[in-house]
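The chain below stands alone and is given as structure tokens, in the form predicted alone.
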């Protein structure tokens, strides 16, 4: 029995155990403070599914050998461009608009991912440093692009007298909540966004199937042991580019999924920390610099987003002072990121 408990503890890991306990404690504190557990769980489930694809983007990146991809901002800006292009084109059918946005985002994200992968092949051993720089740089560069794009739609641009795109763009007349509202239902005040959950899980399944394919196995082998893979005839550099392109393409779809659930597009510096949040989530789920699985994505995303969803209302009830909510959000989210990064241990598990 003792050996079983030790094995169970080893498989769960101390980080996940601490985060899970903290989440459960916050959840149990909610009812005495007048908060609904079912409502908080519903919000946690929604945020889990809407953020999951951005975390899923880490799996092919880690598997191909580039490590934790802080550069998913490349895919994010590709997805945001696809979404704004759809609004500019005047596509109002929600499903068609979302499909068009994803296709454009996939195309742009894949192209950016290929170029990004070629860059990472030139800096082997420093991928995380370079990806962090690329992630921040592309957001800064897009700040200039958002100001100069020749879009004319009134939903996208500022009123007369101001140049450039709005900071926040409503998706109400486009594809806002299209996945959330598909086959959704309520159990009391627990809302289940069935379509959003199905889309997230189906995408996870598609990535799982790809990783079991010939190309996926070759990509994983190239990431796990480049020297042996090269001796076996696998083009390691090509596999690294493939994994990077898939990662950025998933991020493009992920930001569109996130935005439709949120109901708005957020441009400029809004996506700046999404790469860090995604990295923290997959690490909390049990991933390392050398290995990441679908299960790590599912568990880690729920724990990370669940804590943010539950802890903030609880802490705000305990400390109701006016401007503390945003400060608490930053402390909790950045604290989880720092804790998760401290558990990488140089890539060993």
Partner chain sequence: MEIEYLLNMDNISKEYYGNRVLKNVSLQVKPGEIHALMGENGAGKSTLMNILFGMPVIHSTGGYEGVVKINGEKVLIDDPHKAMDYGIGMVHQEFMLIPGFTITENIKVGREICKPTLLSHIFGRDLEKLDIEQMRKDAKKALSNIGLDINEYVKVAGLPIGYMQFVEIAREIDKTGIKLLVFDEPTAVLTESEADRLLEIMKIISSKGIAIIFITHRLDEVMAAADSITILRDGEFVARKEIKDTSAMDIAQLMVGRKVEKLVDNEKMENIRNLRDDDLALTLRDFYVNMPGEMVKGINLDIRKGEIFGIGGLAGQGKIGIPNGIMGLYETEGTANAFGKDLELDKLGNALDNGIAFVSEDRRGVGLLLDETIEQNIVFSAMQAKDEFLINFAGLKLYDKKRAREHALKMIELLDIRCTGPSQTAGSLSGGNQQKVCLARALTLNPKILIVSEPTRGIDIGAKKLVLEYLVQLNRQEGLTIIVVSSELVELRSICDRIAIVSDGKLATILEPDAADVEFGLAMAGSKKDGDKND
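Numbering follows the first chain given and starts at 1. The structure presented is a predicted model; accordingly, all values stated were derived computationally and were not measured.
This protein has a second form, the form predicted together with the partner chain, left out of what is shown; the following refers to that one.
Taken together, 177, 182 and 194 are entirely out of contact with the partner chain in the model of the complex: none brings a heavy atom within 4.5 Å. Mapping the unseen interface onto this chain, residue 95 falls outside it, with no heavy atom inside 4.5 Å of the partner chain in the model of the complex. For the chain shown alone, residue 233 is a contact residue for the partner chain in the model of the complex, at least one non-hydrogen atom being within 4.5 angstroms. Although the partner is absent here, residue 225 lies within 4.5 Å of the partner chain in the model of the complex, judged by heavy atoms. Heavy atoms of residue 202 never reach within 4.5 Å of the partner chain in the model of the complex, leaving it off the interface.
Though the partner chain is absent from this view, in the model of the complex it lies within 4.5 Å of a heavy atom of just one residue from 111, 91, 85, 217, which is 217.
Interface residue among 100, 157, 241, 221 relative to the partner chain in the model of the complex, by the heavy atom within 4.5 Å criterion: 221. With the partner chain omitted here, the record of contacts in the model of the complex names 206 to 214 of 248 to 256, 206 to 214, 103 to 111, 185 to 193, defined by a heavy atom within 4.5 Å. Contact annotation for 79 to 93: no residue has a non-hydrogen atom within 4.5 angstroms of the partner chain in the model of the complex.
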